[in-house]
Ligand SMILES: Cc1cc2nc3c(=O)[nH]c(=O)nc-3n(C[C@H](O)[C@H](O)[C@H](O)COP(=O)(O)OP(=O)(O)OC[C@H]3O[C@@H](n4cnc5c(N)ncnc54)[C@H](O)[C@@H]3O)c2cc1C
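Next up is one chain by itself, shown in structure tokens, the form predicted alone.
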Amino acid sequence: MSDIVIIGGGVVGLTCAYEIASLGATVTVIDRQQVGLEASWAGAGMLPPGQCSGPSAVRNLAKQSTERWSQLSADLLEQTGLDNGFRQCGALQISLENRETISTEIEAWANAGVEAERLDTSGLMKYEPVISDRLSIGYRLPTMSQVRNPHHLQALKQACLSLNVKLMEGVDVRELSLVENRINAVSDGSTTIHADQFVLASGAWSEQLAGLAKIKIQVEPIRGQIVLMKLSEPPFTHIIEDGPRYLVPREDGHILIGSTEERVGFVKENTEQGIQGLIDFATSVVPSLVNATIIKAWSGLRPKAKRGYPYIGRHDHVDNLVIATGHFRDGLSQSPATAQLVCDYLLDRPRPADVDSLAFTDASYGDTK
């Protein structure tokens, strides 16, 4: 028996556990495999300086997370001795094909209060001389940051353990025991776990699990493939982004190249076409990467809410369940503020009025079969 059971041990679930356990609650985290090994681990660790589109609640979520990352990283380092790799490295935003989008993006960032410096070819090459001279337009986001996902997840895990959070790995929840409008327990068929409150943060698997409580959400897995390259020294220091594709340099010479967006269900594997496409993209942006060593490739399943923005909140028909899922590409970057909002729900603390847009409607409850 715990005060709170969190179903899902990715970055959102672990950050929620860390925050609420820090306030003295007893917490159990349940995961279908080892914690932190799905989409949270698979990403490249990019932390945008906010968000310049979408509902106000999502933009505020991104802004608050940006403001929280530095302190959260420092707290984790102090508590665990583990450096999660949080660094403000800046980013160059480019466009190989749709150059007309650059001006629109710069204006959107300015409206969001984020500095964005317009650049031509010489400006881009001033910041990163290795970049291709084919690029004629772009802009710089000086306050963009990054974190090393596996390091951050390990620090979160150790911090949770130090707060006596119980981690139950290899527990694939298949049953939710509903008594009137409350969940009494969850079970994998052999192990039953009771709690006063529950949090559902199961990423791409959240739709099925929410259905066990008769809550209808639409969250689909979107596969993303990534290639890891290595040079003896990092050839550039900025993150370089072109729409959904990116190059993320690490201080030790590793470079992450991503990412595809594929609707293939729960098939988590790499394809020759996907990997070659990423390599071709990387070398077209930074030609010297033809000399890099390809270390490995992997893929992950991002949880995309079909409505276009995440679900965060309670449902009127299940009053001791908080759902936090569907962040798509922003689960890592928005995890600090998401965890704070989940804690607000769990503790019945005041919340901004606009967060209601992230919750649910009466139409999202009923038979899900």
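Throughout, we count residues from 1 along the sequence that is shown. Quantities reported herein were computed from a predicted structural model and do not represent experimental measurements.
Omitted from view is the form predicted together with the ligand, to which the following refers.
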Proximity of A17 to the ligand in the predicted bound form, heavy atoms at 4.5 Å: no
Exercise: S259 in contact with the ligand in the predicted bound form, heavy atom 4.5 Å: yes
Proximity of G331 to the ligand in the predicted bound form, heavy atoms at 4.5 Å: yes
Non-hydrogen atom contact E180 with the ligand in the predicted bound form at 4.5 angstroms: no
Contact assignment for the ligand in the predicted bound form, among G274, P249, G90, G203, heavy atom within 4.5 Å: G203
Heavy atom within 4.5 Å of the ligand in the predicted bound form - the one residue of L167, L124, L176, V171 that qualifies: V171
Answer range among 56-64, 312-320, 339-347, 41-49 for contact with the ligand, defined in the predicted bound form as heavy atoms within 4.5 Å: 41-49
Interface residues of 5-22 toward the ligand, as seen in the predicted bound form [heavy atoms, 4.5 Å]: I7, G8, G9, G10, V11, V12, G13
